[in-house]
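This document opens with one chain alone, in structure tokens, the form predicted on its own.
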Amino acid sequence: MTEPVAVIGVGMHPWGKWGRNFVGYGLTAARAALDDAGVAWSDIDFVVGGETVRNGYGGYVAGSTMARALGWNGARVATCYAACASGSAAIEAARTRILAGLCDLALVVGADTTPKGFLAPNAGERWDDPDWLRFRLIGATNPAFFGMYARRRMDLYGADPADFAMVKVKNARHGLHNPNARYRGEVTAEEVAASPVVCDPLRLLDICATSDGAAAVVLSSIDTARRLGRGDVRIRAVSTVTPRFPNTALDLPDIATDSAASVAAPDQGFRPSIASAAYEEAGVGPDDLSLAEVYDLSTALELDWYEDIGLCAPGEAEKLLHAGDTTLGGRIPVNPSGGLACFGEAVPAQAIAQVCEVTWQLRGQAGARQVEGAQVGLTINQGLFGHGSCVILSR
């Protein structure tokens, strides 16, 4: 097991469509995290930013952009880009520096301003860019990808759109109690079924929106946390694994799978391997979890994650859902924050936001969405181009 580091401060800027520069969102989240930690910006000796690449030059140097906005203090700086896993990559950079003894206090910030509609590549002709090619050659937008995985689940396990709608109903009920969520209102299964089809079998209310937002955490060594009296929540593991060849499941932006004719497929696919590596590092397993924050880009994808993180066997996610196991008050609440269903995507911030939510839950500070007696929490998502993202935290 790896030595833990402490999460001593967390902060967010509410998600929405605010029409402002991402730096302002990041400042709000960073200052909230510093206040929560009870430390001054001048005390931070390492700042790392989750990169956003849609806002001009400032987005390409996100770490130094945030340091400049907070006021130059001489801190070491880094910037991480790993698509939707950027926040976890940034947390891992800070954690590694702390464990190496090169840093006592680190600030991790992710913030974004997103365009209207689904995310798409930047303009231009880039025939060697697989992310650009999947849009240009086959029109595989992100919602199309979500739809393919939903259809796969229906074909393999007999899921149906009513199951997917139940996920939306659950998450909307959770997000109702989250002041940082963009969408705060209950949704019925009938409303999901009546919303427009986007990519069959998924409807508009099955798919997450794009949003502006920000999240930040302050990490420290255990000794520093004890000195500050703020060591209640600890990061036990961070998994940023990549896939293994051959990858036999479709995983955009690649538009083809690898052949297993001459090299056998690995025992675990990519997504299950992300959580498995984190469990091994933390010395815990799925049965130890009190809650999980998973990457619900679509309602159907949340069901896949139940199986990928080991809450049940393949094909049994719907049973957990219908039994109420994954709702607040159930055996293992999933997305008590409301998930991306209630937040939407703010790419560099979302993995950090997941860690914020689990931290509040482990502290007992989640209000009406509190998971009773929470002791261990897991966050998981993935980024394009083989970026794994899983964080395990505990009291």
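Counting begins at 1, following the sequence as shown. Every value quoted in this text rests on a predicted model; they were computed, and no experiment measured them.
Although not depicted, the form predicted together with a further copy of the same chain is the subject of the following passage.
Asks: Check residue 222 for me: does it contact a further copy of the same chain in the predicted bound form (non-hydrogen atoms, 4.5 angstroms)?
Replies: No, residue 222 sits far enough from a further copy of the same chain in the predicted bound form that none of its heavy atoms falls within 4.5 Å.
Asks: So, residue 239 and a further copy of the same chain: in the predicted bound form, are they within 4.5 Å at any heavy atom pair?
Replies: The answer is yes: residue 239 has a heavy atom within 4.5 Å of a further copy of the same chain.
Asks: Given that the partner is absent here, does residue 128 sit within 4.5 Å of a further copy of the same chain in the predicted bound form, heavy atoms only?
Replies: Residue-level check for residue 128: yes, a contact with a further copy of the same chain.
Asks: Consider residue 284 of the chain shown here, and say whether it contacts a further copy of the same chain in the predicted bound form, taking contact as heavy atoms within 4.5 Å.
Replies: Residue 284: no contact with a further copy of the same chain in the predicted bound form.
Asks: Would you mind picking out the stretch of 320 to 328, 224 to 232, 87 to 95, 301 to 309 that comes within 4.5 angstroms of a further copy of the same chain in the predicted bound form, counting non-hydrogen atoms?
Replies: Looking at the other structure, the answer is 87 to 95.
Asks: Pick from 256, 162, 194, 313: which has a non-hydrogen atom within 4.5 Å of a further copy of the same chain in the predicted bound form?
Replies: By the 4.5 Å heavy-atom cutoff, the listed residue in contact is 256.
Asks: Identify, from the list 179, 115, 185, 74, the residue with a heavy atom within 4.5 Å of a further copy of the same chain in the predicted bound form.
Replies: Of the candidates 179, 115, 185, 74, 74 is the one lying within 4.5 Å of a further copy of the same chain in the predicted bound form.
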